[in-house]
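Have a look below at one chain only, the form predicted on its own, in C-alpha cells format.
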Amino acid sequence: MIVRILGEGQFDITDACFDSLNVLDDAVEKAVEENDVEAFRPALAALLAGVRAEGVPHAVDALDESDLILPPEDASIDEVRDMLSDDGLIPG
C-alpha cells in the first residue's frame, strides 16, 4: 500500500505494519474526538514517525496514486478532523 504524507512524499507500507500504525492512529483519533490539542500534536508526530520508520520511501519519479493520504506534521486539529473517516486516518 502507498501512503502519502502531505508535503513530504510517499511510503510503501506492508500489511504487517498496519497493526502498529493503527495503535498510533487510534491515539490521533482520540485526541481529535476529545479536542485535546496537547495530546494531538505528539500523537500525530508519532503516527507520521511510524509511517516513516515502517515504510520504505516510494520512488520519487513514480507516478503511482496513493492509497492513503495523511496530513503534514504541522496540520491543525481541525484539518485532521476533516480528514478522519469512521476508521480514523488509517483503516483497519
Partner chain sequence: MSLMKRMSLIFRSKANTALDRAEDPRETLDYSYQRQVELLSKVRRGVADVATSRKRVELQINQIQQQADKLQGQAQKAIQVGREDLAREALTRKSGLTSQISDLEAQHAQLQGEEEKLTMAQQRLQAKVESFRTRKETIKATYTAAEAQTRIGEAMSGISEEMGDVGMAVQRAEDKTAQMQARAGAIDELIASGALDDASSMNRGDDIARELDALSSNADVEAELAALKGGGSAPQAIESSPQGGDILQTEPTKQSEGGQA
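Whichever C-alpha set is largest while still superposing within 1.5 Å between the two forms counts as the rigid core. These figures come from a predicted structure and were not determined experimentally. Residue numbers count along the first chain shown, from 1.
Keep in mind the form predicted together with the partner chain is missing from the figure; the text below concerns it.
Inset, instruction - Although the partner chain is absent from this view, report whether residue 36 comes within 4.5 Å of it in the predicted bound form, heavy atoms only. - result: No, residue 36 is distant from the partner.
Legend entry - Exercise: residue 54 in contact with the partner chain in the predicted bound form, heavy atom 4.5 Å: Output for residue 54 is no: heavy atoms all beyond 4.5 Å of the partner chain.
Inset, instruction - Sequence order please: the residues of 7-34 with a heavy atom within 4.5 Å of the partner chain in the predicted bound form. - result: 7, 8, 9, 10, 18, 21, 22, 25, 28, 29, 33 sit within 4.5 Å of the partner.
Legend entry - Threshold 2 Å Cα movement between this form and the one not shown at residue 15, rigid core reference: No; that C-alpha moves by less than 2 Å between this form and the one not shown.
Legend entry - Displaced residue check between this form and the one not shown: residue 79, CA, 2 Å or over, core reference: Shift of 2 Å or more: yes.
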